[in-house]
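Read the single chain below, which is given as structure tokens and is the form predicted alone.
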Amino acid sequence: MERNIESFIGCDSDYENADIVLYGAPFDSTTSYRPGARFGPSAIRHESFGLETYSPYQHTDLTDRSVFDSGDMELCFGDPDRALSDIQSRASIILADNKFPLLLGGEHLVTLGAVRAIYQKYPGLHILHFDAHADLRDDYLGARLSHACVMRRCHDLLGDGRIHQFCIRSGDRSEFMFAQAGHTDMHPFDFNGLKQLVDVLRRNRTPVYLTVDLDCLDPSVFPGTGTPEAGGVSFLQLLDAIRISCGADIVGADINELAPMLDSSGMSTAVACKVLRELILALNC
């Protein structure tokens, strides 16, 4: 792979020496409300130069990390199966080279491609899922591959009790009933219980995939997303949750659902950039 011309700030390692590899999945063809998340990865890169590489939250710097930005994949917008296959292939290459795959979406369905690859390497995988939405529908308007179904498709792979959901505050009744039946471990509205869970996952040396749908944030903080939901967490609460989560054995991660043109102020993109910086610095790679 060649270095991307416009990379996320501070992510200028070459591929061979990198511990972390960014890869973008600009896909939003199953978005159920407002499209635009396909432009999220490139916007994050472009606007990242308004950031410092240093984090006062963690007292460390992106220049202390070895991160390669492989750029955005060219995905078939009209074919979710093909797009997911391409994402899975890219993640598999990164994993085969013993590097950490960090995915930038795109709509949340892109997570499924990464999880498929990581599950092949780590069959004991668990998922930490931060989101406003349960994403547990078996289908959305007849489509089983939708951003509204992504955690249900991950459940098809992993089975019961291995998807841990936080901040959930929206979904169909059947989704909440599915979770309450013990299929997933759902913590609605906030991050209560996260630290205790991470302590258990760490003790058991459980491989964990972290997926952050940025609409877990309150829309007063992050309006630039396709399906905003009132009542979300604050920026500082999310940063704290990311740092806590990285105490587990995180083997892959993503952030997704920034639709930059839906926030003309640019604040949502700025927030996404800072979340990505803090995630990179929190990872134990």
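Residue indices: 1-based, along the sequence shown. Predicted, not measured: the structure shown is a model, and the values here were computed from it.
As for the form predicted in complex with another copy of the chain, it is not shown, yet the points below apply to it.
- With the partner removed from view, the residue among 82, 195, 121, 202 that has a non-hydrogen atom within 4.5 Å of another copy of the chain in the predicted bound form turns out to be 82.
- Taking a 4.5 Å heavy atom cutoff to another copy of the chain in the predicted bound form, the contact residue among 183, 137, 153, 116 is 137.
- Of the heavy atoms in residue 231, some are within 4.5 Å of another copy of the chain in the predicted bound form.
- Using a 4.5 angstroms limit between non-hydrogen atoms, residue 244 is distant from another copy of the chain in the predicted bound form.
- Although the partner is absent here, residue 171 sits close enough that one of its heavy atoms falls within 4.5 Å of another copy of the chain in the predicted bound form.
- Under a 4.5 angstroms non-hydrogen atom cutoff, another copy of the chain in the predicted bound form has residue 30 among its neighbouring residues.
- Taking a 4.5 Å heavy atom cutoff to another copy of the chain in the predicted bound form, the contacting residues in 10-39 are 12, 13, 14, 15, 21, 28, 29, 30, 31, 32, 33, 34, 35, 36, 38, 39.
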